[in-house]
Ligand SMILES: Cc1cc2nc3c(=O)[nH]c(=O)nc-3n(C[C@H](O)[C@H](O)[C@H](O)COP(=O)(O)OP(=O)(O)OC[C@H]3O[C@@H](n4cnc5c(N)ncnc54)[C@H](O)[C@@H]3O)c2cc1C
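Only one chain comes next, encoded as structure tokens, the form predicted on its own.
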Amino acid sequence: MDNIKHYEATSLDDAVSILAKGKGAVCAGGSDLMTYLKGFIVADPPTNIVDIKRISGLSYIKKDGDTLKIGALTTLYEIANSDDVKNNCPALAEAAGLVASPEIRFQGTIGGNICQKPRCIYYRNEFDDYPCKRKGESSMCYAVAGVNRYHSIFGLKDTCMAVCPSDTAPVLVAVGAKIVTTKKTWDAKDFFVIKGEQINSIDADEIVKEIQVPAAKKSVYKKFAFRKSIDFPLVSVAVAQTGSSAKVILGACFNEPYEIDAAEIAGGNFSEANAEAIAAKVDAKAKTTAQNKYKVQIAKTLIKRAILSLA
């Protein structure tokens, strides 16, 4: 059993200073962190747990012109049920409302949802069974020659087949959100780039403070999962039109939210023909295995349903 120290940070500066000591992990809702620690996933786990729940001023949803500003400690339940979010970015409300179970949405935060660890079955196994590349213990991705039916349908990045499991990530990329941390302001498309064990690029002593979401009233999120009420997405898609541009972003299909060219609907023409044309582009990009080809058809179907729902 690991010897863990628990720190109740009184401010973000306090939290960052503790993380800077090394072997630290941020705890907000804690639903992902606790399973990570209990699973003995890595040989050298975090021993300094920095609890940021009691830092004031990190839980809010407020409008600033055409932008929604959401504090990192705002719960997924609050986002899913916020009239401001529903009216200004319905896709984000839909995505937050489809995360896990009601109990987890009451506890889980938007900051945690975009900073969770990968869900690959090999990564989540004990370190001495599968010391995979994402754990920094080998150069091997066990999924390449093993079980990969839930993995990337667009090939490997950095020799890893794990997918980004976050429900909210595709939406944030689709609408062009900004993610403010203690070090910088990230474009969402650059934030969700894998780095070591993470599904994002932030440093070990960097903490998410705020998510800035541009208004995207024409936006939708669709998700396919085996267990509808609680599961991570097997495939998901976010479609958003902002101004004269539109984006179609797939989730749970690649290491990062994956963009499918959506030039056909840039002007708001959400026709069945355009939906078919965009969905067909998945075939051209796909690099599947014998086990996960079925995900391509699910992705195409979700894209068509999402686009037509905006018509």
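One-based numbering along the sequence shown. On a predicted model such as this, the values are computed, not experimentally measured, just so you know.
As for the form predicted in complex with this ligand, it is not shown, yet the points below apply to it.
**Q** Could you spot which one of S219, S166, N88, N148 gets a heavy atom to within 4.5 Å of this ligand in the predicted complex?
**A** Partner contact (heavy atom, 4.5 Å) among the options: S166.
**Q** Which pick from C27, V248, I265, A279 sits with a heavy atom within 4.5 Å of this ligand in the predicted complex?
**A** Going through each option in turn, the one that passes is C27.
**Q** Taking heavy atoms and a 4.5 Å cut-off, does I52 contact this ligand in the predicted complex?
**A** Close contact exists here: in the predicted complex, I52 approaches this ligand to within 4.5 Å, heavy atoms only.
**Q** Heavy atom to heavy atom, is Q116 within 4.5 Å of this ligand in the predicted complex?
**A** Yes, contact at 4.5 Å.
**Q** Quick check on S152: any heavy atom within 4.5 Å of this ligand in the predicted complex?
**A** No, no contact at 4.5 Å.
**Q** How about S82 - does it come within 4.5 Å of this ligand in the predicted complex, if we only consider non-hydrogen atoms?
**A** Output for S82 is no: heavy atoms all beyond 4.5 Å of this ligand.
**Q** Looking at 138 to 146, 104 to 112, 237 to 245, 152 to 160, which one sits within 4.5 Å of this ligand in the predicted complex if you count heavy atoms only?
**A** Every other range fails; the passing one is 104 to 112.
**Q** Judged by heavy atom distances of 4.5 Å or less, which residues of 208 to 230 approach this ligand in the predicted complex?
**A** Stretch hits, in order: V208, K223, I230.
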